[in-house]
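Form predicted on its own, single chain, as structure tokens, below.
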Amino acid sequence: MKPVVVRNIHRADSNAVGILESLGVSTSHEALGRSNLMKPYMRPIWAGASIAGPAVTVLAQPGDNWMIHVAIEQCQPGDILVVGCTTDNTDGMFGDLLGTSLKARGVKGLVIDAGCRDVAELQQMGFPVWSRAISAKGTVKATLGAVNIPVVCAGVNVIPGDVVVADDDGVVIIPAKLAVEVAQKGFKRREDEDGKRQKLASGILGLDMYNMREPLAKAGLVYVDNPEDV
């Protein structure tokens, strides 16, 4: 790995980012073809946050948050910082001081495949974080990494400028080159789901709405009226 900071990146279409933010993780993930969902250990440190924005990426050494400080200078309003580590780590590499600095730059939130601490303070200031762990263990500033290079975070390859969508369901990465297409597909999917939701709310069963009865019978499902008939 070359220790480098890339200053200029191509960020995804801003209109598509706004649509993806309104759609949320699950719908965006489905619209992308059920791919690029980060591992389920990535959880929000407090419930209810929902964000989307272009990724500014960091490749950090385990237990070393030096490059997070470096990356903050490269962030623009609306960005989301994504931190991957060179190896598995759960140390508390991010806290309220870094959160204060990122918020001052207009950054929407952080996704980090490591630990986070100062949870109460971060919640109070309204700065959302999705992390691998919550840990009070401190870190150092000793080893170089890189900023705005492709990184692997929680099993997903993230290219600078890709769209990060994060909420209570997890984190999904939408490639920048597909952002507009996925936003359109996701919007249509949400409209379809709204119609289905109205039908289900009226009492129609999913069995009938999805025409499941015939294929269930063909698959061998049998209904009996009495337990002794099983």
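Keep in mind that what you see is a predicted model, and the values were worked out from it rather than measured. Residues carry their position along the shown sequence, with the first being 1. If you superpose the two forms and keep the largest set of C-alpha atoms that fall within 1.5 Å, you have the rigid core.
As for the form predicted in complex with another copy of the chain, it is not shown, yet the points below apply to it.
Within this chain, Q76 is remote from the site of another copy of the chain in the predicted bound form, having no heavy atom within 4.5 Å.
Contact between V180 and another copy of the chain in the predicted bound form is not found at the 4.5 Å heavy atom cutoff.
Using a 4.5 angstroms threshold between heavy atoms, I174 stays clear of another copy of the chain in the predicted bound form. Contact annotation: I51 falls outside 4.5 Å of another copy of the chain in the predicted bound form, judged by heavy atom distances. Along 158-186, these residues reach a heavy atom to within 4.5 Å of another copy of the chain in the predicted bound form: D168, D169. With a cut-off of 2 Å and the rigid core superposed, R213 has a Cα displacement that reaches or exceeds the cut-off between this form and the one not shown.
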